[in-house]
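In structure tokens, one chain follows: the form predicted alone.
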Amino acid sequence: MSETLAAALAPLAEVAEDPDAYVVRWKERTGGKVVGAFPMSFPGEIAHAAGALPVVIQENREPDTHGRNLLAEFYCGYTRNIADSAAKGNLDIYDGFFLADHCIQLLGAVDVVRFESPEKPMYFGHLPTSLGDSWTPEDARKMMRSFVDEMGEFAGAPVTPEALAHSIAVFNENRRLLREIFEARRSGNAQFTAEQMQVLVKSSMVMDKAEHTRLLRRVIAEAAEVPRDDRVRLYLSGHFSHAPKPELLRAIEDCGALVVDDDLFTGMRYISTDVPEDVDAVDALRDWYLQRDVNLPCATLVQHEADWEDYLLNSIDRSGAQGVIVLLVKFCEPHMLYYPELRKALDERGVPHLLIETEHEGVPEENVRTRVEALVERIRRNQLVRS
């Protein structure tokens, strides 16, 4: 990587490493309010239109201590870390919280946040999870309208249609630029590691979008095409609510593999869908929510016309991936229930795959390396047999 590209990536990497520090600096600089949004479906455009900074709350790097007794051990690592952060006061930097998803474990973490910060507004609006019913579009629209009204009350002034339309355009531009890099990686011409791709998306979840877009343009300008090499091309799938740990991504690519595509939340899932700009803004946000599951199906939603395994197989064909690593957050029930369908589809297609469970507390790097090395070796042997 060139020194100029490394310099362009540096400020984004700094934010991805320490999101809280950015939030504090932004508040000091602007005097504005910061909205903590829980994954995955709250539209940040609404908070942006209200003049606030929407931040997708990230898992931090600290070991859980204070919060360990606040949620049961069978809650996922992300939710237990949220509870721990609330207990330690790390979430005090947020002025309010918005939640749009109906994950039972996440609701438990939100209850802890509510208990630890009773003075902070906490808004829970449940978007419908059954997307194929006749009543779904209207219910989703009502919820988006409710989000807009609640945000206006939080900000102290109504969110205007003009402001919302502007924010939608700002967010769309940021998503388009990120997808440009993802497309380049998929075609084999991008020089970014899986860890650096995560930096690009994670920093977008935290930073002011216009500022992030300016820095992203610099990264794109400094990036160069790189020739393909003989590394095994892998696809990463899963991890709905938070970013896999960087050391896990490094361990995977250290084994002679190159990640060429993903459907991770801190990846393609976050940037898969733009909000329409040619219709009423609230209708557009409703359409964005419904279309996301078509563009990239999710195990937490129900829509019979879209299957995650079909999307995965098509993505493998499109990216030329030779194998799949499924990153399953331990105790993530929707993913655990859906995984057998994915495994069946991959087996029927003959795609080599590996399941890795992840937790908040540490990464068993040597164990991961051994298993990924075995997957890479199996793929290489299959190549030799076919040739």
Partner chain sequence: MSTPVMDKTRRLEVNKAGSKMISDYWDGVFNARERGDQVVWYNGQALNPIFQAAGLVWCHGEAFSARLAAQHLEVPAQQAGEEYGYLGELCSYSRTHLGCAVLTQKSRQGEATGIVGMPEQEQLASKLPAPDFFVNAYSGCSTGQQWDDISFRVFGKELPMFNVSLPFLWGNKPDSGYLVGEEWEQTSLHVEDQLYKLIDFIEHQTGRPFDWDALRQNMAYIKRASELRREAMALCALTPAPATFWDWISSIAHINFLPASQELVDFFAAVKAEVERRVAEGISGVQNERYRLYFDGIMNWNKLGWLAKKFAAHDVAVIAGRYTHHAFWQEPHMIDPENPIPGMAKHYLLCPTNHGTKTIQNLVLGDCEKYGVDGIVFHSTRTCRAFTNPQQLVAKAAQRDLGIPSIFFEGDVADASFYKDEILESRLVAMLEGIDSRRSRDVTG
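Here the structure is a predicted model, which is why all the values come from computation and not from measurement. Residue numbers count along the first chain shown, from 1.
The following text describes the form predicted together with the partner chain, which does not appear among the structures shown.
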Checklist entry - Of the listed stretches (254 to 262, 74 to 82, 229 to 237, 169 to 177), which one has a non-hydrogen atom within 4.5 Å of the partner chain in the predicted complex? => result 74 to 82
Checklist entry - Which one of R61, R343, R318, R349 is close to the partner chain in the predicted complex, taking close to mean a heavy atom within 4.5 Å? => result R343
Checklist entry - Of the options L164, A86, C103, M205, which one has a non-hydrogen atom that comes within 4.5 Å of the partner chain in the predicted complex? => result C103
Next on the checklist: Counting only non-hydrogen atoms and a 4.5 Å threshold, tell me whether L70, L107 and H304 all contact the partner chain in the predicted complex.
Outcome noted: yes
Checklist entry - So in the predicted complex, does any heavy atom of T273 sit within 4.5 Å of the partner chain? => result no
Checklist entry - With a 4.5 Å heavy atom cut-off, would you call E195 a contact of the partner chain in the predicted complex? => result no
Checklist entry - Any chance E333 has a heavy atom within 4.5 Å of the partner chain in the predicted complex? => result yes
Item to check | 4.5 Å heavy atom contact, N90 to the partner chain in the predicted complex | outcome: no
Checklist entry - Are there residues in 110 to 135 with a heavy atom within 4.5 Å of the partner chain in the predicted complex, and which are they, in order? => result V110, D111, V112, R114, F115, M122, Y123, F124, H126, T129, S130, D133, W135
